[in-house]
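Encoded as structure tokens, the following chain is the form predicted alone, with no partner shown.
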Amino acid sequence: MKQYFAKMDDLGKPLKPAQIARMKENVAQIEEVLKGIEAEVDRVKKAGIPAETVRKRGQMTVWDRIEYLVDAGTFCPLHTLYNPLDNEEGMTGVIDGLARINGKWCVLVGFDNKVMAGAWIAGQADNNLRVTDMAKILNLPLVWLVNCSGVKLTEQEKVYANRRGNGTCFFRHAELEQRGIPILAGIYGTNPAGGGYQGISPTILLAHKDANIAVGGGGIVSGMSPKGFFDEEGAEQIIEATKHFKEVPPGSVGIHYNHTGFFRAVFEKETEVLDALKQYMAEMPAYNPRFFRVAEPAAPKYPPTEISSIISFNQKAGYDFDNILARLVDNSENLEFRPDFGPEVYTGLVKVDGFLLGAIGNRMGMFANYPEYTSKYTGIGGKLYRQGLIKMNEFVTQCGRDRVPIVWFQDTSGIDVGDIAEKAELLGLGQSLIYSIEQTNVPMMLVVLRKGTAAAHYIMGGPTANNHTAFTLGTATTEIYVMHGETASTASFSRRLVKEKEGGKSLGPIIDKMNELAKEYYDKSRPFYCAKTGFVDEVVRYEAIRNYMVAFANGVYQNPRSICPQHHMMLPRLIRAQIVKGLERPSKEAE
């Protein structure tokens, strides 16, 4: 298959100095957004008690453990700013992401022991569900750094009993294990109640000598008061019980190594637990990368740092999507699928770190004589029309057939609307794309380059309508909303404007409300808001997108559940429709 993969078609072009100069202000606007995002990330890293306080106790912070455990330069953090319930801690209490440990990729998650000693806090349960979803989609080991003091009891209703509460780790871990996905856990500190859940449900438990796990801890010593209320006598009994449990904490390594055998091994030093995790990771099932690589890894021809000089901060301005993709994929090469059909959408095969990926993205600009089903208006980039939807359906289906993972790049203002669009079956074709994605069953990732709007956000790899998207990245230019704020204001107040106008009333108050709604839409669609609420899993610099693509590609090809041999693939043959050299039909003269 070298004729298809060794040298693909060139993609993109160098930037001219004039364009770089023209986009200088654009780059400054992007950097201003990133400055705010990076300040928030720094705030999360400093959350809780100072790191030095933890280290003076002879302990490592979760960040120290991650730095020691993970192969240098490979950690791709996710959910750093996630805080869907807007808790007072300002984060979910766990740190996670994709990581390579001792040469093998995994999904890594650890309790932040600086924040309430790693307690269950509001929003953490949903964070953990996203983590287990990633491990399931990517078929990668899940590695836990357990250091959990249990439930934040003053807010138990926010973490405990609902369908998506913290206790779901029991069945989610069992689900992964039934799929053959191992869960490794390094256990530190005191882990009562909820911490015990995380400390018993993994596959392999490796403990530090001072660790313990138990159904209850020193703070759960007498249950309900027999009197139904508390008084001084009851308080004295609690004091005595607490002293006892403080001296002999339940569930120590003496119990769970010597008696129950839950702990596979116990170590004197914190780093030795991490060393043991490295050893187990080295033994995880994985193919040699050469088994799936279609070419030698290569950097893009053009630097990813130039992307901020290509994509416009102005949501209404266009740009060349091909030039962005060229700065993210190996050797800036591609095999484009159906380039003359559905011009508003790019579909094609690319290489990342030598692995084959499918790429789908919105193209900008104006498209003359398009869409083909009407002459009443002209197609514009970012909007989806009949041909584009059909092309994506075909490409996704073929990626599923060839077992090629997919990266989506979104900058969409929605699907064409109105009776003309309905007659062209766009509603059904959108649902068809969701069906195609579901039956495809290949891992996917999504990058929202700029706009993620309405149903188009769902059908183009959006996690809302997709079982296979492992994670979503946002950028400095990301905005996600059901429609643009100005459009929403018009839809909400247009009839009111007519009524006020016909009644001879001032339009000023309605216009003020329209501007307020537009501003609210803007504020609630910004990159930080998207990360905090979970619309995206992380906001990253443009140049970091390739790092996540490399992690994704290596992860999905590490130990895939199904394989299509390269010489059985159809997509490259469909793209390269020309007759294979040596099999051309003879000329009449030769005959």
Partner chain sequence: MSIDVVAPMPGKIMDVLVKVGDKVSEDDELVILEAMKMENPIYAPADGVVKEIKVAKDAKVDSEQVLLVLE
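A quick note: this is a predicted structure, and the numbers were derived from the prediction, not measured. Numbering follows the first chain given and starts at 1.
The discussion below concerns the form predicted in complex with the partner chain, not included here.
This chain lacks the partner; the member of P77, G414, G123, G379 within 4.5 angstroms of the partner chain in the predicted bound form by a non-hydrogen atom is G379. With the partner omitted from this view, the residue of A368, V498, A161, A235 that lies near the partner chain in the predicted bound form is A368 [heavy atom within 4.5 Å]. Just one listed stretch, out of 125-133, 255-263, 286-294, 311-319, contacts the partner chain in the predicted bound form at the 4.5 Å heavy atom level, and that stretch is 311-319. Across the proposed site, K16, R22 and R450 without exception bring a heavy atom within 4.5 Å of the partner chain in the predicted bound form. Using a 4.5 angstroms limit between non-hydrogen atoms, A282 is distant from the partner chain in the predicted bound form. Proximity of M364 to the partner chain in the predicted bound form falls within the 4.5 Å heavy atom cutoff.
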